[in-house]
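In the form predicted alone, a lone chain appears below as structure tokens.
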Amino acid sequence: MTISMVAKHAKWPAKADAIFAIAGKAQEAITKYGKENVTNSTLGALMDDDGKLIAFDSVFGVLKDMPNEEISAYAPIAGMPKYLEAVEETFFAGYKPDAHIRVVATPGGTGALKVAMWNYTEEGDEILTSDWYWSPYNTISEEAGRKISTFQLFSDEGNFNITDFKKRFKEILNKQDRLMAIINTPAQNPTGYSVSDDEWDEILAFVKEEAKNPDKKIILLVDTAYIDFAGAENEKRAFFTKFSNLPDNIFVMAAFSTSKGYTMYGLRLGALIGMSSNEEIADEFRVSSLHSGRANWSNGNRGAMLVVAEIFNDKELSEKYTVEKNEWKGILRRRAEAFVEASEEVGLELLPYRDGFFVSLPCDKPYEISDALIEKNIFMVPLGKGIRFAVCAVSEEKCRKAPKVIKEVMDRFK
């Protein structure tokens, strides 16, 4: 028997990342059959109609014009001060809550999630999120010795299932002194669902009621990775104001990412934003986050931080960036509408879609259906309860054509 040298807590089964594995197969098919004959709906990144990654000129022009020493120098552990200011102002975009706010730079939204889960849950805790969720939540939680538990995201009417959220929340809070609930909105991955303002009112009314027990600590972690591609303007940020004047034992964090809104996927930049009615709790968040940053990555991507700051502080550049982003928001919306409309025409069942990069389809045999679709040169990611189509990466024409083929394949498995 082969000896194992890795520590017990770091021993995991060897397995390939499902998304990147299928994306690799899609690239092989493109080489073999030609890109016009392949629908590669795998990775969550904006692609043009020819499958080329979109990287905003307004963003990378700034980066390429920077002196080498500015890009290569260390950044402060907390992040460049002007980056932190830019994040706070652009993130809330006029919907800042009446709260003490602190911002700490992280490597992407993933880094923000990592810090939040580690610092605001105890070993062995259950973390609550929806049954449709981004799979790395589980990876991050199990790395830290935590466990993801879920509630049903959708009611029978296709709305946020506040009833099951309350039920599961109470069950876990009865067992633990603290509870973190992760809500990925707006433009959730993988469903494209956005929690409405009225639904937020229900969530917060319930959470405030639970917080009347002073021995309980409630943490809301809002994963906003796709917020820059939700809604026509900034109306999908209005719910932030609802985090005003919350009880001290409710702490809200938001995970922010520049990967989507600034198309800086590989530069790995984001932020964790803490909000509290209590200034000491907000300051505690900053100190704790800085310690985690030093322990895990030391400091972030200085060049990327300066890009965000320069766009924020330069009116002409900001307008150029906004025009470019809005153009792609429009393209994304048209692709999604084409897919949804074509699905309705052929009777293909979708989960409720409101915004963002992805549409999901419920099914009982996601892996078998994904494999069968590969034979048709349609590449979709299998999930626990269905399959995901990335409208962000597929032309409008292919978005309109794909549902008919998908329906035919799925019908074979009924």
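These numbers come from a predicted model, not from an experiment. Residue numbers run from 1 along the displayed sequence.
What comes next is about the form predicted in complex with another copy of the chain, which does not appear here.
You can rule out all but one of 248-256, 160-168, 329-337, 230-238: in the model of the complex, only 248-256 has residues with a heavy atom within 4.5 Å of another copy of the chain.
Among 187, 264, 308, 180, the residue placing a heavy atom within 4.5 Å of another copy of the chain in the model of the complex is 264. Out of the listed residues 30, 55, 374, 346, 55 is the one that sits within 4.5 Å of another copy of the chain in the model of the complex by at least one heavy atom.
Proximity of 147, 367 and 413 to another copy of the chain in the model of the complex is absent: no residue of the three has a non-hydrogen atom within 4.5 angstroms. With a 4.5 Å cutoff on heavy atoms, residue 81 does not count as touching another copy of the chain in the model of the complex; it lies far away. Within 4.5 Å of any heavy atom of another copy of the chain in the model of the complex lies no heavy atom of residue 37.
Taking non-hydrogen atoms only, residue 174 never approaches another copy of the chain to within 4.5 angstroms in the model of the complex.
At least one heavy atom of residue 140 is located within 4.5 Å of another copy of the chain in the model of the complex. Scanning 269-293 for heavy atoms within 4.5 Å of another copy of the chain in the model of the complex gives 278, 280, 281, 284, 287, 288, 291, 292 in sequence order.
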